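First, one chain by itself: the form predicted alone, in structure tokens.
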Amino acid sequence: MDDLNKPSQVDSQDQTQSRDSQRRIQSLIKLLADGQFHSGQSLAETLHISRTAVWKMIEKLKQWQIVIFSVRGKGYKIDKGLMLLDQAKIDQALTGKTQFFSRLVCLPSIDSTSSYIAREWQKSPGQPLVCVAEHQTKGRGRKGRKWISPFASNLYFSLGFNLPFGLHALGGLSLAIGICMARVLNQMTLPSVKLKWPNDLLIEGKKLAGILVEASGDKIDNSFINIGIGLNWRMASEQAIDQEWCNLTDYLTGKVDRNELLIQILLELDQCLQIYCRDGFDSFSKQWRDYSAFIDQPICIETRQGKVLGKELGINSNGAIRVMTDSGESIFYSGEVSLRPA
């Protein structure tokens, strides 16, 4: 092998240091997650680092929008604690029960779970992977929009896997994913979760979750799918978001653990993908009317050419939205949908 293609010793050292840093931060978060005071000295001794290193990590956690109280003589505390994701618990629940999600990594912070999947795919093409993070520094939504991602407040996860057919057969995949997610959530919520074409989940018209599907491959035989999902769990109301949004915890009919919610979603999505591979989008398209937030209602489609007003009629077999306009029925494969103002 050409020496230029070998990872350098410096690179290996940097990667090892980065992993060690991640482990220390994870350990610190777990200690503080109980909502009790911990002295800087006890944290340093437990983590086998200096008190200065503890302080530096505390400052880093504050950058992740974690509110940490520091009281002289008592130490550090996260008020009310945190409900952290537990990779061991998730792994145990999924082992042997999924076809597409055989490997999962849970990280305290990452730039973007979708970007992580893309990088790992370059290293190990074809290997399925789920990336879950407590925090994202560069979370992404549709059309390059920023996805607000405070620590341990929501669910941020991406699914990377291969599908045995080309890009031409992927029409409606994001809608199928949305239907399956709504099916899970509606077992836990009142009122019901509805879908806004093409990729949003709503409760009472307010955004609860978003789905971003990215695909690469060829048109006939093979596709790599990278699905990013963000779901609002218990996010602080002061977040600067340019649309109405809501938290799932405000609509739960019973007590739900964030880990159990993720497990149920992944199990349902695995079944969804198996059905999609076997039957295509047809069986999901027939369910759209039951889940659409705007079916038979006036809507506005924003396209590159301008706004189109009409009434939503449903979707076709490829996932495109059908709209009755003044000039007749029109089909749209992309665009933004909103209720038409009265």
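All of these numbers come straight from a predicted model, not from anything done at the bench. A residue's number is simply how far along the shown sequence it sits, counting from 1.
What follows is about the form predicted in complex with a small molecule, which we do not show.
A.B. asks: By the heavy atom within 4.5 Å rule, which residue out of S112, N232, N259, S174 makes contact with the small molecule in the predicted bound form?
C.D. replies: Among S112, N232, N259, S174, a heavy atom within 4.5 Å of the small molecule in the predicted bound form occurs only for S112.
A.B. asks: Between the options P128, G217, G141, P150, which residue brings a heavy atom to within 4.5 Å of the small molecule in the predicted bound form?
C.D. replies: Flagged contact: G141.
A.B. asks: Mark F157 yes when one of its heavy atoms lies within 4.5 Å of a heavy atom of the small molecule in the predicted bound form, and no otherwise.
C.D. replies: Flag for F157 set to yes.
A.B. asks: Taking the small molecule as it sits in the predicted bound form, is I211 in contact with it (heavy atom to heavy atom, 4.5 Å or less)?
C.D. replies: Contact check for I211: yes, within 4.5 Å of the small molecule in the predicted bound form.
A.B. asks: State yes or no: in the predicted bound form, is some non-hydrogen atom of K206 no more than 4.5 angstroms from a non-hydrogen atom of the small molecule?
C.D. replies: The answer is no: K206 has no heavy atom within 4.5 Å of the small molecule.
A.B. asks: Determine whether any heavy atom of D270 comes within 4.5 Å of a heavy atom of the small molecule in the predicted bound form, and answer yes or no.
C.D. replies: No - in the predicted bound form, heavy atoms of D270 and the small molecule never come within 4.5 Å of each other.
A.B. asks: So which of 189-197, 119-127, 97-105, 133-141 is the stretch with heavy atoms within 4.5 Å of the small molecule in the predicted bound form?
C.D. replies: Contact criterion met by 133-141 only.
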